[in-house]
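Just one chain follows, in the form predicted on its own, and it is written as structure tokens.
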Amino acid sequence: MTSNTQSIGIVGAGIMGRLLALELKWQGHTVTLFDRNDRDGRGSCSWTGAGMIAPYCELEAAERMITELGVYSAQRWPKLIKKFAEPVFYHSRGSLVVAHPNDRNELERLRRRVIDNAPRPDIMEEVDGARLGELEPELAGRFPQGLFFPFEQHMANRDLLRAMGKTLETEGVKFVTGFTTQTISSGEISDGHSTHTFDRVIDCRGMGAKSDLPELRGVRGELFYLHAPEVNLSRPVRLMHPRYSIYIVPRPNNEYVVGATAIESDDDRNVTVRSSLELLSAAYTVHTGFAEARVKEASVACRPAFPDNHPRIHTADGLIRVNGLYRHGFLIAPALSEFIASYIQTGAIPEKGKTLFREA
């Protein structure tokens, strides 16, 4: 136990809330986690995610700050996963980026972005068709060139949420599910019927916090879970396109997550016919084996973003709000959780996270 032990209430049990709850529990604090969803995290943005830890590929649209947070998080993920109570499907096999000949300018644009912003020269390998076939034999002859990012990682996001839920239980974190938050203030959380008091409250609700953070906007993410016995890919494959980029991410037992990186819309209704045609057709152009795949699920979530697409940590007496993780939740949550835990423990803003913090 630490000499600075506090009672802490966290609202929102997506990837951010769960990681923070564990970080703070490991520091010796008494932690209660509240969420409207179940212990597995169904209904959260984290449930509808691909689980890619791809800081360099994200340079396609994100600034270097996100890449730096992602690199730091990528170093933390393997250590965190070892502490969880259940195994997580997790691999560090890199990412492969390809484009059809008509879209090679998009591949070149990413290549230049990485060269201009990469912190070290060996994070990207330019590959020809033969090397691409060595990396993914079933893609041999399909693309004349590509980019390989050897240090990137991927995991099964739903495995992770379940493992973290089990770890919260074994670590003694009180987890209150089915909780509909009405108000959050310094040291208090209320559902309209009862009020829970703590030394400190942390708001990790994502879009649920929009009434308190009016600058938030929703960015729609759509994905499919496919069972494709005729497809054998060992790492995420991203297909560049002028209007959208799609990703194909392996799961165990020939399952794949196929999705688009971002759609500027806060509509969280079912996947549209247009998106279905575009995503599944694009997957087929990467590997014809997807023609016989079975659609297991189509999923939609609206991810929270501020106008600059950067995360923010708002601090006040007895209250912290962390939000705006955009499409980078799995990529940057370990870094943010460490920064916030350090701030709570020491009262000082960590140097690596100083641009994220602001007073409420």
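Start at 1 and count along the sequence shown; that's the residue number. Source: prediction; values computed, not measured.
Although it is not shown, the form predicted in complex with a small molecule is what the next lines describe.
This chain lacks the partner; the member of 145, 265, 181, 275 within 4.5 angstroms of the small molecule in the predicted bound form by a non-hydrogen atom is 181. Interface residue among 260, 71, 123, 280, judged by heavy atoms within 4.5 Å of the small molecule in the predicted bound form: 260.
Heavy atoms within 4.5 Å of the small molecule in the predicted bound form are found in exactly one of 227-235, 129-137, 78-86, 204-212, that being 204-212.
Not displayed here, the small molecule is approached by residue 37 to within 4.5 Å at the level of heavy atoms in the predicted bound form. Put simply, residue 52 is close to the small molecule in the predicted bound form: some heavy atom of it is within 4.5 Å. Residue 152 falls outside the set of residues with a heavy atom inside 4.5 Å of the small molecule in the predicted bound form.
Mapping the unseen interface onto this chain, residue 325 counts among the residues with a heavy atom inside 4.5 Å of the small molecule in the predicted bound form.
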